[in-house]
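Only one chain is shown below, in C-alpha cells, and it's the form predicted alone.
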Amino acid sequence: MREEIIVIKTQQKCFNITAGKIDSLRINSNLETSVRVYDNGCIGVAGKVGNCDVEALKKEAREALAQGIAYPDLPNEGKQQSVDTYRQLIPEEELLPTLNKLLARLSAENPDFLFSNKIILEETEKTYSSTDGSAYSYRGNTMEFSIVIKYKGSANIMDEDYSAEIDAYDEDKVAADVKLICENYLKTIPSVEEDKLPVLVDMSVLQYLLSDFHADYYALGMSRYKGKIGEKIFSDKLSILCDRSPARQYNIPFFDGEGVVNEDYSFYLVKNGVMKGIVGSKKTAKNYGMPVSGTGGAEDYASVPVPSFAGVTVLPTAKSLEELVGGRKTIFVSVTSGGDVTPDGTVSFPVMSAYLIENGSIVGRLPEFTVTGNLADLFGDDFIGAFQGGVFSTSTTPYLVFEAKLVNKA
C-alpha cells in the first residue's frame, strides 16, 4: 500500500476596478489537503478544505479503496527537492496606493477611455510527499493585469483589454502599453486589401488544438493526429510543451499533481514540428501503453488524478516581430469574439479589434473581420514563428505569428 499527501495553500488578492478606480479588495485564502492511497490496482482518495487531521484523512482514503476505483500504482523516484521563487513585486503596505496611482495615470493619459475589471496578485505553496520517499515543495507568486478598456464614445460593454502576467512591476511600462492600445484605437484606418497576411495572436489560439493532445481523446480515436506520435505534423519552427520550469514559469509547481518531475521540467507535445506525446496521467499512461508524461492534475482536492495542460506554452523562435516578418504588413489581433473549429481542422474566429503593423509600428485600428485557416496550414507551412510579449513591453507570454486568410472584411 502506498500513500500520497498533497497540500496546497493559496492566497489571492483581487483588486476590483470600476471607472478607473479601485472600488474593493477581495482576499481569498485557501488550504486544501488531499490524501491518496493505492493498493491492489485501486485508489482511495480523501480531501478536506482548511485545517485537518491528516491521519483521519488517511483512514478515510483507505476506507475509500472499497469503492474499487481502478488506478495503477506507479511509484516515483523517491527524490526530494524544494523551490522558492516568491518575489515581492510591490511592498504589501504600498499595494493600494501604488495601484491607485497607476489607474489615475491611465485615466489622465487616456481621457477618452474608461478602465475596469481587476488586478490580481496570487501566491501558491504546494507540497507533495509519498511513502515511496518522494518529497517536493514549491512556493511562487504572480501578478496579473486584466483591465477592460471602454471608449467613452462607444455603446459596447468593452472595446479593448490589456492582459499581462508580469515578473516585475514597472509603472512606466504598464502605462506605455495601455497608452499604445488607446492611442491606436482612435486611429481608424480602412481595411487592408490583401486577403492573406501575417497575423499576430496570443496563446489562446492553442485552444483549437489542445484537445487533439488529450490522452483520452487520442485513445478513443477522436484526435486528428491519432497514431502520429514520432511523425512530423507541423512546421519545424513549432514546439509546444507543458513547461513547469521555475525559471520560465510563474506560480506553477515544478512537479505535477502525481509527484512527477520531468527532465528540464518539460514535456513536449510537439518538438520542431514532430509529435512527441500526449497529455495524460499515470492511469492513461498505463491504460494506453504510453510513457508517464508528468502532466497529471486533479479537478479538486478529493478527486482522482486527470490529465492537465498546466504550463502549456510555445518555444520562442525569435526575439521580435521584426526578426520574423521584417517590414511586412502584419495584423495584430487584440480582441476576438468566439470562434469555432470544424472536424477537418478549419478554424475561424471573428475579430472585434485588430491593428495594422507596418515596418514594426502600429499604424491604426482596422474594421472588424474574420481570421480563418486550417490548423494543418496555420501551424504548418503558414507558421512564421513565435516571440515573447507581442506588442507589449510587460507581457512574459509568447505570441504566435502565422499567415492566415482575412474574410468578411468591411
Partner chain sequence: MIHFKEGYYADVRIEDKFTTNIVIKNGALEEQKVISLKKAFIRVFDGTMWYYASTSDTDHIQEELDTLYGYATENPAIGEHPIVKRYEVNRDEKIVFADDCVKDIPVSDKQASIAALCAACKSEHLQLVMGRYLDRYSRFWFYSSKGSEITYDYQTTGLSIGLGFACGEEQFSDALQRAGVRYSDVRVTKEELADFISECETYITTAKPVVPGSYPVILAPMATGVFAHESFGHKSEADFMLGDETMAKEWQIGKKVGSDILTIYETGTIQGCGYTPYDDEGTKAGMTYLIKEGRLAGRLHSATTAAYLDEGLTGNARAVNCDFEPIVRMTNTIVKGGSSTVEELIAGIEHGYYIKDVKHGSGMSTFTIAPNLAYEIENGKIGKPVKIAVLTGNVFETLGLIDGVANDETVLCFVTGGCGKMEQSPLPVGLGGPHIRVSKMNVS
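Numbering follows the first chain given and starts at 1. Only a predicted model underlies this, so the values are computations on that prediction, with no experimental measurement involved.
Keep in mind the form predicted in complex with its partner chain is missing from the figure; the text below concerns it.
To verify the annotation, which of these, Y217, Y169, F309, Y86, has a non-hydrogen atom within 4.5 Å of its partner chain in the model of the complex?
Filtering the options by heavy-atom distance leaves Y217.
Within 4.5 Å of its partner chain in the model of the complex, heavy atoms considered, which of L180, V148, M290, V192?
Filtering the options by heavy-atom distance leaves V148.
Which one, 33 to 41, 356 to 364, 63 to 71, 380 to 388, holds residues whose non-hydrogen atoms are within 4.5 Å of its partner chain in the model of the complex?
Going by heavy atoms within 4.5 Å, the stretch is 63 to 71.
Consider I157 of the chain shown here, and say whether it contacts its partner chain in the model of the complex, taking contact as heavy atoms within 4.5 Å.
Answer yes; at least one heavy atom of I157 falls within 4.5 Å of its partner chain in the model of the complex.
Any of the heavy atoms of P75 lying within 4.5 Å of its partner chain in the model of the complex?
The answer is no: P75 has no heavy atom within 4.5 Å of its partner chain.
With the partner left out of view, is G273 within 4.5 angstroms of its partner chain in the model of the complex by any non-hydrogen atom?
Because no heavy atom of G273 falls inside 4.5 Å of its partner chain in the model of the complex, the answer is no.
Give a yes/no on whether K152 approaches its partner chain to within 4.5 Å in the model of the complex, heavy atoms considered.
Contact check for K152: yes, within 4.5 Å of its partner chain in the model of the complex.
Note that its partner chain is not shown here; using its position in the model of the complex, name the residues of 302 to 340 with a heavy atom within 4.5 Å of it, in sequence order.
Counting only heavy atoms within 4.5 Å of its partner chain in the model of the complex, the contacting residues of 302 to 340 are A302, S303, V304, V335, T336, S337, G338, G339, D340.
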